[in-house]
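Consider the single chain below, provided in structure tokens and representing the form predicted alone.
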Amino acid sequence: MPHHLIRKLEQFTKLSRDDRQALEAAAAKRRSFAEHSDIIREGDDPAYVNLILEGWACRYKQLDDGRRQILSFFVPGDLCDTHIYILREMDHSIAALTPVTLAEIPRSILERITNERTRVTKALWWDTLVSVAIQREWTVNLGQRTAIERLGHLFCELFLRLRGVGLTEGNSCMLPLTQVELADAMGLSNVHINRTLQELRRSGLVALKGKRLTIPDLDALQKISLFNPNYLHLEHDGRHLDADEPTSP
């Protein structure tokens, strides 16, 4: 069930029972992908909108000589571009970073939902605008922030995104990313990522054990990373669109 997507959209506006059921029905077709496999490659014809149900994925571009730039991370509840099916061919690739289960949402079903359900449509607009805002912050990361600020900023962002869909435990969350993947996302070398992680650990700002990230003091990490969460728009901006009926607990 796409409960992570529903919870994510309800950060903007509370949906009706019918809205939620329409989203659940749209996500009926499932596919699974192995760790480090491509979900869709640059040049492919995107026939569906992919909704991440379980696992982590990334959007990336790869140069002819093999160098890779990770452009974004996808976590459960994320749509891999709401209107991607409009393109004739993919201009980037999407890969599974862990084992991934996703829902393939056909164009016809998504168009019917957006034509018939105002709250869902506006919540999806909000989701798209947040995705664009995240991309702007990543650009600032690469262009202006120091290594400490880049990595701390990413950890703050991922933690808040995961918390928004119910995938944190206290001040901890899963972080199944390798140092190579962090380097490809942050525009840093593997050695530089390792040094930066060690510095964050020594400062007591983060703890990494296995694949779990713990942030003992989120405010402190936000301060040192120059992190302002306003671009994630988590303040229930669409409350005036809330469904009249109460949401399920």
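This one's a predicted model, so the numbers in the text were calculated from it and none came from an experiment. Heads up: residue numbers just count along the shown sequence, starting at 1.
The same protein also has a form predicted together with another copy of the chain, omitted here; what follows describes it.
- Although the partner is absent from the chain shown here, 63, 86 and 91 each have a heavy atom within 4.5 Å of another copy of the chain in the model of the complex.
- Stretch-level contact analysis of 213-221, 29-37, 200-208, 66-74 against another copy of the chain in the model of the complex, using heavy atoms and a 4.5 Å limit, identifies 66-74.
- Looking at residue 117, you'd find every heavy atom of it more than 4.5 angstroms from another copy of the chain in the model of the complex.
- None of the heavy atoms of residue 170 is located within 4.5 Å of another copy of the chain in the model of the complex.
- Looking at residue 161, you'd find every heavy atom of it more than 4.5 angstroms from another copy of the chain in the model of the complex.
- Contact annotation: residue 174 falls outside 4.5 Å of another copy of the chain in the model of the complex, judged by heavy atom distances.
- The partner is not shown here, but in the model of the complex the stretch 184-200 reaches within 4.5 angstroms of another copy of the chain through a heavy atom at 184, 187.
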